[in-house]
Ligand SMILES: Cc1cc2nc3c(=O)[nH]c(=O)nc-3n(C[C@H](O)[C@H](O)[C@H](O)COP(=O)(O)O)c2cc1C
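Only one chain comes next, encoded as structure tokens, the form predicted on its own.
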């Protein structure tokens, strides 16, 4: 019930208090929740760039419709998928499983083959699938932040190509897809006083 109360209080913060920074322990907890997110097959074929540098954030703001959240939030999280994810990525994941669970990698060959089979679809389909994965982690971040009383604003209003260039993501085989500004709301943000608007249970849920 406490979580539901916190989720009812959260909203897409429009104005952050630039003077308020997230305590290291709370930021660490938030990032760990994102790291623990579910992902297809558990592959985590994406990375999260934590942007704190003020100069870089000014550059990013200029290619994000001049939205103040980019510079005023405590941190800006950039979710980027691995656009060149291939069978080598699967091999790394399988090796990680083997080392973590102390099993022989050969016993995971069936699982490995299944994942590699998924990658045989057309590249366009694969990229659509890969681009969806960070949104799951984004959801985990939103819920975790609410539980930590950290304000957030998920954002798609930016130029991904420009972000990739500024952050040097292309050379890393990454493509930015969604942002999460995190910090604390400004007292001047009038949106915090508005009632949350959602569909009713009857309109939203379909029981079959």
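All figures in this text were calculated on a predicted structure; none of them were measured in a lab. Numbering follows the first chain given and starts at 1.
Not pictured, yet referred to below: the form predicted in complex with the ligand.
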property: 196, 193, 25, 199 - the one with a heavy atom within 4.5 Å of the ligand in the model of the complex; result: 196
property: Contact assignment for the ligand in the model of the complex, among 53, 165, 32, 156, heavy atom within 4.5 Å; result: 156
property: Candidate stretches 156 to 164, 143 to 151, 53 to 61, 35 to 43 - the one whose heavy atoms come within 4.5 Å of the ligand in the model of the complex; result: 156 to 164
property: Proximity of residue 69 to the ligand in the model of the complex, heavy atoms at 4.5 Å; result: yes
property: Heavy atom of residue 184 within 4.5 Å of the ligand in the model of the complex; result: no
property: Residue contact check: residue 178 to the ligand in the model of the complex, 4.5 Å heavy atom; result: yes
property: Residue contact check: residue 12 to the ligand in the model of the complex, 4.5 Å heavy atom; result: yes
property: Any residue of 35 to 52 that, in the model of the complex, places a heavy atom within 4.5 Å of the ligand; result: none
